[in-house]
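One chain is shown next in structure tokens, namely the form predicted on its own.
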């Protein structure tokens, strides 16, 4: 109903009864709802607020407002040269006024709005489709933290949720005119990297030797998988040899001192060992980013290292900042707040000077939730900064540098306490804007175990389930389905591979986003790759199917001299079925679903609306088999194909916002 809400309110605001009550368009819009039963009317207006302001009973107010319907015929004559009126009748029902709408006028409005905001008909035009866009966020900035893996580790299945929930939120917020600065907060600092460096020197002595010699690539051709295995091996050995723990802390201390010296332009005073550790750390970071980029490309997500040094992107960033932020998220590692921006030290100094922080067992901490709860640690008892400090520093930087009105963190639900402490610490430090910080939490990914139970996606043969393996498995399964089910498509190897990638990856994405983000999601291949039901392949199939209807119309129109594109002038009055009316209302509600998804950081609200549209379309398709979408009746066929194209564009628009790739064939 969202597309219809404005014109309904405008029409009612012109009634004498509404004018007499002093009710304007915005006030009316706010009280419009769908009645609980269809036979009560198409839309209802609650009169409670209006009655309270007027000092009368809601039932009495409803009767007064409904009386304005007596002049509908007069107004119809007065507005004969304008758009057809929407409201056919009004009836008071207790504290509500129930309205019956002109279906032809309403469906015509919905189709016209979709056509206006979604120009063109090919998937090349789809990025320009804007149905559901609003100006609600104009002038506001959301700084959105999502994905955020640790370097020296491959992306695993649990990164999927943060990445794709975050990316969908970014796209949906941008559809509401927000500027969204997407940040990939890399875990690239801390004592864990001291352990990694110690492990590399222990198991691969040549790495340390090359680093001491000043080689900028001391790791050689080492992969992220080898780096991760090295870290895990070193950690296992720590349990049997406590001296290795001290070795890891020592290596990180050398790195941290070198970084501090580098920031102070005194790197020459820091010593060769510190520089060697810096070269190892920097190369490990580069190897990790290259691996991340490869995987993000599969998902259609793009990040760029901050600050921008690449000449092309720097030009775009300077000349077209809005475009830059739409096209790129930013890699900003924890290390940035220790190296290029020494905000950590400022946070510590502010906390100590304001007496918000205190000393505890040699560490500097903030008790945000009382001393019976774990504190926020700013400085550990070995003098190193903690991840709490870097998170606080990053929040300060995002607020100041990007002018963030809202700061949101797409991180799993197990981190609720951390973010509650972080936001409270910011408030205690005098930053009122912390009230605009949000933890966008989400549930786990569950896999079926050998005994048929669902469990956290932690291990497969004792190892983490890699995201790459998951996506490859899905794409490979779709390749097999194409070979089995669509021989013509299979013969076009390039097109078949494009479809396999889009459907395989899209299946995984949609399986995640169709669920409320706080829910755990079950990873069941039989369901995920099903071409019927509430799945990504089914949604893409419906999009393709709607396109094939237009092709069929063109063939029929050529044979019967209807005019190949005559469906574009299809008369909405021909769409007189109840299921066509319900479908039009679902399309009209899509903008409202987008607004709610944006406001609630909940992409599933948009996904569920698409599912409802697809289901209603399928039902309508089945119910019209006797007369068919493209049948013998030229005018009915034109109207129905016009509705089909509206469905296709809304589905395409929604799937793109969820981060999926559209295809023309399946």
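Each form is matched to the other, and the largest set of C-alpha atoms that superpose within 1.5 Å is called the rigid core. Positions refer to the first chain, counted from 1. From a predicted model like this one, the values you see are computed outputs, not experimental measurements.
The same protein also has a form predicted in complex with the RNA, omitted here; what follows describes it.
For the residues 27, 40, 56, 63, the 4.5 Å heavy atom test against the RNA in the model of the complex is passed only by 40. Exactly one listed residue, out of 348, 481, 340, 428, brings a non-hydrogen atom to within 4.5 Å of the RNA in the model of the complex: 481.
With a 4.5 Å cutoff on heavy atoms, residue 145 does not count as touching the RNA in the model of the complex; it lies far away. When contacts are judged by a 4.5 Å heavy atom cut-off, residue 8 does not count as touching the RNA in the model of the complex. Using a 4.5 Å cutoff between non-hydrogen atoms, residue 374 counts as a contact of the RNA in the model of the complex. At a distance threshold of 4.5 angstroms between non-hydrogen atoms, residue 533 is in contact with the RNA in the model of the complex. Using a 4.5 Å cut-off to the RNA in the model of the complex, each of 516, 621 and 624 places a heavy atom inside that distance. From the list 89-97, 396-404, 158-166, 284-292, the contact stretch for the RNA in the model of the complex under a 4.5 Å heavy atom rule is 89-97. In the model of the complex, 35, 36, 37, 40, 44, 48 are the residues of 34-51 with at least one heavy atom within 4.5 Å of the RNA, listed from first to last. A movement of the C-alpha atom of residue 602 falling short of 2 angstroms is seen between the shown form and the other one when the two forms are aligned on their rigid core. Core-superposed comparison between the shown form and the other one: the C-alpha position of residue 95 differs by no less than 2 Å. With the core held fixed between the shown form and the other one, residue 639 has its Cα displaced by under 2 Å.
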